[in-house]
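Shown next as structure tokens: one chain only, the form predicted on its own.
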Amino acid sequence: MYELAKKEYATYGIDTETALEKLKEIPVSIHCWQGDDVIGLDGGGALSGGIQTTGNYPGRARNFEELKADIKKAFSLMPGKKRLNLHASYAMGATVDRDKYEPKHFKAWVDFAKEIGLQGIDFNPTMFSHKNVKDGLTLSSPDESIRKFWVEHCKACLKIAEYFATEMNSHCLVNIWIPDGYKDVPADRLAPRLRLKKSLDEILSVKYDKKKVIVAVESKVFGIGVESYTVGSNEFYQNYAAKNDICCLLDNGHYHPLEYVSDKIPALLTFYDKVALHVTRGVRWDSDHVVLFEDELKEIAKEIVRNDATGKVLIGLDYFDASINRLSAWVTGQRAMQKALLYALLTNHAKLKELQDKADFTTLMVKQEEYKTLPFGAVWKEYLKRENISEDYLTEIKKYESEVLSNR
């Protein structure tokens, strides 16, 4: 089947061997928080601050050892290069609050990442599920003690990120997302954003190695309890990032349903050296459903590949579903991202661009339709075979559920 597919793709000027070689070198950063419903390990206990999970499927990881075992199992069923994305709430053995976290509280994660051969670790300050999220505000709080607490937390995270980068010999993306906003119409939209700007300025005043640590800011339209006003809006963060030479992170669940992150990627690549992604699947809103091999995911991958941006766009996954087997959610989403990248690599983008530049839109439409029925599945199966990964991962996950998860 693969040999036949290889020949058919060749008639379109596409080398499947080149596509397979490129795909296995594109890292995807996989979020730890799918395994425990974003509860964390630092004693937060339950989600709060504009985030929630739905469902109560048996087998949630309850501690570091269980989460580590689940990650190891899930990652063994995923092809390609993998990174680990951590939230600060996954600190180990900390007896101090989040503003005092140090690299030592994450050494166990570094040891684990090295053990299973990961490409790197990415990091996120955790500004939710904490007593110091006061009135729904963190970095934009009018309470100076609250604002300063979260500034110090983010400063600490930059130091931890530098430690990750040094230990893993790879960059560390630090993504700043805050839940700040108001449920109903605010009386003042400017002052919270001025306080957020002040906080970000103070955070970035910390000396850190910019070759090792990539700082990003993540916008959002609205969230639970902040339906009327979000401090960290898209306009605010894109301007802040541009003026301060940091990165914008695009979460494709954080925009209006008729806005597409696939279109935003080339817009930002016009001005930025790096663009970061949190890939999710929003159903009507930012619902963080498991990523599937759907049209927008394909378009996101196309923009990365056809703009030669596999080294510029930092791909991370961000979803959490407590209603289904959590390992299956992890693997399904990661494989969907890899499928989308392969689908994009199996497209003659140069030829399609040529047709567009010639204004031959008739041929362009026909050729784009023809690509949709090329034997993509045979090439995907060949990729899994070369990665020594079975196409059937559900059987292995069901066995793990029976032997491990059901005993929790």
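For clarity, every value in this text was computed on a predicted model and none was experimentally measured. Numbering starts at 1 and follows the sequence shown.
Keep in mind the form predicted in complex with a small molecule is missing from the figure; the text below concerns it.
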Mind telling me which stretch in 91-99, 131-139, 206-214, 315-323 gets its heavy atoms within 4.5 Å of the small molecule in the model of the complex? 315-323
If you check in the model of the complex, is Cys32 within 4.5 Å of the small molecule, heavy atoms only? no
May I ask you to state whether Ile39 is within 4.5 Å of the small molecule in the model of the complex, using heavy atom distances? no
How about Glu303: is it within 4.5 Å of the small molecule in the model of the complex, going by heavy atoms? no
Hey, in the model of the complex, is Trp177 touching the small molecule, heavy atoms inside 4.5 Å? yes
By the heavy atom within 4.5 Å rule, which residue out of Ile51, Ala378, Leu374, Ala69 makes contact with the small molecule in the model of the complex? Ile51
Single option in Arg83, Lys274, Lys220, His153 placed near the small molecule in the model of the complex, where near means a heavy atom within 4.5 Å: Lys220
